[in-house]
Ligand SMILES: NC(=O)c1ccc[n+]([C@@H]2O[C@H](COP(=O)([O-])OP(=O)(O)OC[C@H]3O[C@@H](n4cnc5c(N)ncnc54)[C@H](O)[C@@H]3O)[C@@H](O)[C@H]2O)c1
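Taking the form predicted on its own, here's one chain by itself in C-alpha cells.
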Amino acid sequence: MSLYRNAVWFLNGIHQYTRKGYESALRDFEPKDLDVSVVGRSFMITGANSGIGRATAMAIAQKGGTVHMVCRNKDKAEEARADIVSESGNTEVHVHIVDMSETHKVWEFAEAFKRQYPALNVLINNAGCMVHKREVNAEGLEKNFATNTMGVFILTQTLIPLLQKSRDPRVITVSSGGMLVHKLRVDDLQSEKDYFDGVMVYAQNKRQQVVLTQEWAQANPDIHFSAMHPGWVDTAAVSTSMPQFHQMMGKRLRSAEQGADTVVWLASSRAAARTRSGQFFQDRTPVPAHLPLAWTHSSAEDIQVFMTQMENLGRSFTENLM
C-alpha cells in the first residue's frame, strides 16, 4: 500500500512540483502581488547563501528590505552578500554565521539578535540538511532533526517576542512535499529504532515543521505563520543529497527563483497576509497538508506529545546555558 501511495504522490509531483507545474500555476498568479516595496522591514533568512535562500535574499534586497543572512559558511556567505549588494544596490544586507545543527549556538544567536535589533518583521526558516548516515551533534541530537526541526523550533520560539513587537510579523518555513506521505511519529524523534534512511528522516522532519507551524499559529494569533513546498528545485543541496533524483529529473527541476517565488510572496505580499495563519502553501495557494484519504493525520494527543517533547528538549538546552 505504501508503494502505491508513493507512486501516486510521485506522479502528482511530476505534474505539479516540476518546472512545468510552476509555469502552469504562474498563469493564475496576480503580478501586482509582488509589486511592493519592503523598505524599513527586516527579514531573517536561514541558509541564505545558496539555492532558495539566496534567491529569496536577492528578491527581498531588490525590494528594499533589510536582509539578515544566517549562514554556516563565512566565505560563501560573504561572497553571496557581495553579489546581492552589487545586483540589488541595497547595502542593508547583513551576515550572521550560525550552524543550525548546533542547538545551543542557535539559541545564543537568537538571544543576542534580540538584544541588538529592535525589530524583526519576517523570519524565513529555509536552512536544512539531509544526512544519510546517523550522526549526532554536541548535544546528542540526531543531525537531521537538530537542523531541520530543533534549530527551527529554537530560533522561532526565541524570536517570537521580537516578532510580536514588530509590524505585520510573519514566519515562513520551507518544508517539502515529501512530508505528504509521512505521518508524524512521536515515539522516535531521534531516528534510533529503525533502519536509518536519510530521505525518510528528512521527510519526517518536514512533517514536524508543518505541525509546528500549525501549533504556533494557534498559540500566537498576532503573527502570521505559514509553511510551504517549493516544488522540486535544482539546487546544490538536492544534487548532493539526492544525486540519482537530481540526474533523473534534469531540466524538469525548477530554478531556485521559481522555488523561492512562494517564499517571497508569503514574506512580502499583502495578499499573503490576508490568508489564514498556519496553512501549507504551494505556488501561492494554500493546499491540504495531507493527501486525499490519507493515513497521515495525527490525533490531538500525538500532537500534544510532540509539542511537549519539543518544549522539554528546548528547555533542557536553554536552561543549561542561562
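Quantities reported herein were computed from a predicted structural model and do not represent experimental measurements. The first residue of the shown sequence is 1; numbering continues from there.
Form predicted in complex with the named molecule: not shown, discussed below.
Colleague: Is residue 65 close enough to the named molecule in the predicted bound form to count, meaning some heavy atom within 4.5 Å?
Modeller: Flag for residue 65 set to no.
Colleague: Would residue 99 show up as a contact with the named molecule in the predicted bound form if we use heavy atoms at 4.5 Å?
Modeller: Yes, residue 99 is a contact residue.
Colleague: Classify residue 72 as contacting or not contacting the named molecule in the predicted bound form by the rule of any non-hydrogen atom within 4.5 angstroms, answering yes or no.
Modeller: Close contact exists here: in the predicted bound form, residue 72 approaches the named molecule to within 4.5 Å, heavy atoms only.
Colleague: Considering only heavy atoms, tell me if residue 49 and the named molecule come within 4.5 Å of each other in the predicted bound form.
Modeller: Because a heavy atom of residue 49 falls inside 4.5 Å of the named molecule in the predicted bound form, the answer is yes.
Colleague: Find the only residue in 214, 158, 235, 166 having a heavy atom within 4.5 Å of the named molecule in the predicted bound form.
Modeller: Exactly one listed residue reaches within 4.5 Å, namely 235.
Colleague: Pick from 154, 174, 201, 122: which has a non-hydrogen atom within 4.5 Å of the named molecule in the predicted bound form?
Modeller: Checked against the cut-off, the match is 174.
Colleague: Please pick out the stretch from 184-192, 223-231, 158-166, 108-116 that is in contact with the named molecule in the predicted bound form, where contact means heavy atoms within 4.5 Å.
Modeller: Within 4.5 Å of the partner lies stretch 223-231.
Colleague: Any residue of 117-152 with a heavy atom within 4.5 Å of the named molecule in the predicted bound form counts; write them all down in order.
Modeller: Result: 126, 127, 128, 129, 147.
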